[in-house]
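First comes one chain, alone, set out as structure tokens in the form predicted on its own.
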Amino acid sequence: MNIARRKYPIFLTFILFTTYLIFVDLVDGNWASLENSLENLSRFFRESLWPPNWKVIEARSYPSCERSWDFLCSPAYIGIMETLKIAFVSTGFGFIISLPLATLASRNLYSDSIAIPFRFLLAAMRTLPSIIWAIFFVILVGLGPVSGVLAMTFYTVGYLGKLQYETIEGLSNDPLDAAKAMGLKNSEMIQRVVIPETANNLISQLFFMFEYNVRHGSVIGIVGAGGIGYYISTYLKFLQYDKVIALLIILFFVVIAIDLISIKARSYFVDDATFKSPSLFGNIFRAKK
């Protein structure tokens, strides 16, 4: 332990020094480009971004929408709801597909001859960012949320699968050895030992991936895969940055809400009394004893 503690400062110093050297190499002596950066940012913020244009929560004029409240016909509501639907479905599909693949990619459950090929498969699926998958599926199935679901599902499987098999490999050997001594097969060990022991991390990763997909919905929509990104892309084309910042503020609060729900869900899988549900809104988020 003492040796490890002595190595931490050396490691951090090495990382910081290396980062500085690489940054200097990237700048390549062009420090003048950084001189007025803060001033330019401040001017852009004052003149283009602020104050936000909250017309995005007003009913759109086209196509026509007949609902009881104007907000339900607004670009903000329609875009956010479509993004949430895309993110929810793709995260659910991705989780269902990635968990079996992650167990097969775990070297503490299967031999390298089985685990390594599945690791390559998961690596291949996350090599392409979701926006590239979105372009690919827009070409295949056309514009709309279906291409967004397929794009995010493929990326989710690769990304979430890596997190899952690393979590599984981080399990203590004691419960696995005990399960093997009882004569349990790998499939039985996964059901009775692996999933219960890693449930907290798996749930946390699931909500993290859902949050990631919600945030990334603002990107894939730019290429026509549906969601709030479609409206952001449209406003950017017409230089309506005040509407863009309004949508991003709404998206920020949606992400915060997802994080609070994640904490609530995780509280049911943690036996530690010190882990509590958030009490920001009182008893609504307080875990039942």
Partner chain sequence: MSSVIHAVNLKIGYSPDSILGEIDNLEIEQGEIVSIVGESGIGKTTFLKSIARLVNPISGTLKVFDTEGVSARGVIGYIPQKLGLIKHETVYSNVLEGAICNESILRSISGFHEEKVIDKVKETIELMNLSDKIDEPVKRLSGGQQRRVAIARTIAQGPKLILADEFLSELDDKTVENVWKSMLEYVTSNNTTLVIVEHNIERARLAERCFKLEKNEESDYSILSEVKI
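Numbering follows the first chain given and starts at 1. Bear in mind that the values here come from a model prediction, so they are computed numbers and not experimental data.
Absent from the display: the form predicted in complex with its partner chain. The rest refers to it.
Engineer: Since only the chain is shown here, I'm wondering whether I96 would be in contact with its partner chain in the predicted bound form (any heavy atom pair within 4.5 Å).
Structural biologist: I96 lies outside the contact set for its partner chain.
Engineer: Within 4.5 Å, heavy atoms only: does K85 come near its partner chain in the predicted bound form?
Structural biologist: Heavy-atom contact with its partner chain at 4.5 Å: absent for K85.
Engineer: Can you work out whether G144 and its partner chain are in contact in the predicted bound form, taking contact to mean some heavy atom pair no more than 4.5 Å apart?
Structural biologist: Outside the cut-off, so no.
Engineer: Indicate whether its partner chain has at least one heavy atom within 4.5 Å of a heavy atom of E166 in the predicted bound form.
Structural biologist: It does not: once its partner chain is placed as it appears in the predicted bound form, E166 has no heavy atom within 4.5 Å of it.
Engineer: Look at the stretches 123 to 131, 151 to 159, 106 to 114, 171 to 179 and give the one with heavy atoms within 4.5 Å of its partner chain in the predicted bound form.
Structural biologist: Going through the listed ranges, the match is 171 to 179.
Engineer: State the residue from L72, I135, V219, L184 whose non-hydrogen atoms include one within 4.5 Å of its partner chain in the predicted bound form.
Structural biologist: For this set of options, the contacting one is L184.
Engineer: Is it true that R43, S48 and P52 each have at least one non-hydrogen atom within 4.5 Å of its partner chain in the predicted bound form?
Structural biologist: Answer is no for this spot.
Engineer: Could you run down 187 to 203 and flag each residue that has a heavy atom within 4.5 Å of its partner chain in the predicted bound form?
Structural biologist: Residues within 4.5 Å: S187, E188, Q191, R192, V193, P196, E197, N200.
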